[in-house]
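Read the single chain below, which is given as structure tokens and is the form predicted alone.
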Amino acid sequence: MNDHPSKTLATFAAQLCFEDIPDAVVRRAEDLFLDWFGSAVAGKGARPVETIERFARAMGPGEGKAEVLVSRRRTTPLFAAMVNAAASHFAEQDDVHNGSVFHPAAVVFPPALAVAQELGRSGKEFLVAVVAGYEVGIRIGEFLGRSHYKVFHTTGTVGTVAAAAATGRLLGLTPEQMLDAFGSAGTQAAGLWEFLRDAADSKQLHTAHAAASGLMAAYLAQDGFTGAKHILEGPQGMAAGMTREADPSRLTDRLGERWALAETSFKFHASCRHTHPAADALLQIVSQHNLTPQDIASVRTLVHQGAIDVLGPVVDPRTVHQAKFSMGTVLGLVAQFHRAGMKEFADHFNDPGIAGFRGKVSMELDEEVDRAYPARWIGKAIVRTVDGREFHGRVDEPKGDPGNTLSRMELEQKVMRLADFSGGATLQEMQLASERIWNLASDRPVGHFLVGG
């Protein structure tokens, strides 16, 4: 039995080397970086993101080596990480790890990229830091479990420590310093789901805070600032205050053998991941039976409790972003357009037909689906048509999961659509970024992607 899992996990993050990481995991990390890059660019013009960028511009230096993607300016790593983290969590297209119900990219890549640019670190060093952040964050999410997610936005809480791990690896922290960084990060961990009820902007604040606070924790540790040594499992640590079911064994589960990063899923629909299994199941039905929304009298979605907890409060979405957490809206778009992408949400989320379809959709707790969650996100839907027919759809791996993943061509198409939608980058710029990302595993400095020089 490991009596100090926080230390074991911190030591792993501090000592991870490029040679330790299998090639397939490195390739997956590159894929995830491109996916994140597209999501970050897609945040350009979003009101909450632009608000955070104005704050960063007012409070932070107007020059530095770290780039802010949405405004194409440079500043210090702290403020670049803050804005890029907010930007990448707006479009609801960033990645998710099923078992931890955690969006690693939005909190790992922003500090890692900013610090790598500031320090002139190589692509290899950047990728090692990213892997460290993913492995740490995912395991802490699994450790805190389902009861944590019921109240806390795991990406905001766990993400703070994941950001510290990625930053700390780039700073070359010792295992002891990394443990201090975890302690300082964990004591700042925050993020509550209540914002969804009010269509508030807090989701972007969660990732901005996590990325910036984790980065700060690592820099402080480098300078001798100490943190709690048992911040995860201690009697007054994160688990004690944030969950009822902590499993410390998950923190060190096959470290160096099981690569949790490779288990991370891409998002196909531009909505909360809890909607995706049912959306894919409905898409299966309407495609096979050539149904239109007008043909459908009702849709029963059979879901896990986490979906009910997060999506249940959103019954009358007032904004595009809140609509992405509305099961009825997502399924209405899928029934009408066979996809729930950025354009569909922006142009049609509150159309009379889509609003009317919401009333046809219900969520019901399903024992099989709930038992499988969060390791597997099974999608089930039952459609009853206006003429009395009944159709059942089932998806065991939603589009984007590791067993039903996006190819590199599909990833490129996705990020091109995101950039085109927001106007955050040209097609040529995204193509060049893609080529650089596919060849990131080198000793050359990471450099800049949209800011010249």
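Residues carry their position along the shown sequence, with the first being 1. Since the model is a prediction, treat every value here as computed from it, not as a measurement.
Just so you know, the form predicted together with another copy of the chain exists too; it's not on screen, but the next bit is about it.
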{"query": "R197, heavy atom within 4.5 angstroms of another copy of the chain in the predicted bound form", "finding": "yes"}
{"query": "Partner contact for N290 in the predicted bound form: another copy of the chain, 4.5 angstroms, heavy atom", "finding": "no"}
{"query": "A240, heavy atom within 4.5 angstroms of another copy of the chain in the predicted bound form", "finding": "yes"}
{"query": "H338 within 4.5 Å of another copy of the chain in the predicted bound form, heavy atoms", "finding": "no"}
{"query": "Partner-contacting position among V361, L173, V286, A228 - heavy atom within 4.5 Å of another copy of the chain in the predicted bound form", "finding": "A228"}
{"query": "One residue of Q177, T252, S202, Q322 in contact with another copy of the chain, assessed in the predicted bound form (non-hydrogen atom, 4.5 angstroms)", "finding": "S202"}
{"query": "Interface stretch in the predicted bound form with another copy of the chain - options 350-358, 228-236, 374-382, 269-277, non-hydrogen atom within 4.5 Å", "finding": "228-236"}
{"query": "In the predicted bound form: members of 166-195 within 4.5 Å of another copy of the chain, any heavy atom", "finding": "S184, G186, T187, Q188, A189, A190, G191, L192, W193, E194, F195"}
